[in-house]
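Here we start with a single chain on its own, the form predicted alone, put down as structure tokens.
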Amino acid sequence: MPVFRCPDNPIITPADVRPSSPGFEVVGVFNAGVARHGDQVILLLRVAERPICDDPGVAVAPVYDLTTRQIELLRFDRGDSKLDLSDPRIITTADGTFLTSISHLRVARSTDGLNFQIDPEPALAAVAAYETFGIEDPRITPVDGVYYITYVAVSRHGVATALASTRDFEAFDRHGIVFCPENKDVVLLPDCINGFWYALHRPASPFSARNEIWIARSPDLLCWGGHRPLLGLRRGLWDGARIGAGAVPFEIEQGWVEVYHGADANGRYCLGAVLLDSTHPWRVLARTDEPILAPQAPYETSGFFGNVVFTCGLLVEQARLRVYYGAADTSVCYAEIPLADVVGGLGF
């Protein structure tokens, strides 16, 4: 599928973002939620920071402390045979799993959608018991002048999804957990359908070890029920190991288009598309056989966690998908895909 990658990719890198605290460094800025607000394109960036540690024998996990209201550092001896440090993102110990970085959400603003001014301070950061390991991967759904933001909240209690809202990307209201652990990749459909709001979500089951997309409904965006499986894995294909919702769905004549991410058995993350029925969004009408965006460029194949393209947001403008995506869990990139090609890939 023809894809135009911005020649200036990555458009935002860790070097462009000031750390939120002294003694920390930004190691990733990626997986941004996207919205139009007035004449601006807004990105709500996931900014991952880690403490600067000069001791090569120590592994450090930053954790938000509810008592001190500051980020405290847990230190582990790398020589401890009980530690698992094989994944650079996590530290696995006998007492649990910790992250090597802590993420917050930061606003970036642009009039052309490519050159962004990044706010100097976080817009949303850890404040609650269910956020002590950080907050991640926002998706933004506009509804009647309000922007609803779903984001991943990580703590010792697990991986959950919380809801926030804003009218101006200056002040934010928090509405708490809406999907309890283990659940992430939650995106809200932007329209109320027959009295209900719908959300795509990705529960995790230790019993079946399947990571697939489900759908739920709500009368008020806070209380969710009617859960049912929506989209499954395709073993042996690009989305055979895990899948999850990516950008907020958008509507075309044939139904709702959801751009989702999928990973194969080797951990390579790509983007694909699925078409859902307009009035019965739990009905899958079509699905792309091949990815619409796959890691190919050096900034996608190499980085903090290579061979990853991952989107939390896009804009549909001038018959094209304007996709903002995280590359290698390191930076924000931009690509354009003709809408007609995506629809054609769905078989229409």
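Don't overthink the numbering: it's just position in the shown sequence, from 1. Quantities reported herein were computed from a predicted structural model and do not represent experimental measurements.
Although not depicted, the form predicted together with another copy of the chain is the subject of the following passage.
- Only one segment in the set 109-117, 89-97, 74-82, 263-271 has any non-hydrogen atom within 4.5 angstroms of another copy of the chain in the predicted complex, and it is 89-97.
- By the criterion of a heavy atom within 4.5 Å, residue 222 is counted among the residues contacting another copy of the chain in the predicted complex.
- In the predicted complex, residue 205 approaches another copy of the chain with a heavy atom inside 4.5 Å.
- Of the heavy atoms in residue 127, none are within 4.5 Å of another copy of the chain in the predicted complex.
- Within 4.5 Å of some heavy atom of another copy of the chain in the predicted complex lies at least one heavy atom of residue 214.
- This chain lacks the partner; the member of 189, 257, 241, 159 within 4.5 angstroms of another copy of the chain in the predicted complex by a non-hydrogen atom is 159.
- The single contact residue among 145, 226, 236, 195, judged by any heavy atom lying within 4.5 Å of another copy of the chain in the predicted complex, is 226.
- Contacts to another copy of the chain in the predicted complex (heavy atom within 4.5 Å) from stretch 125-139: 133 only.
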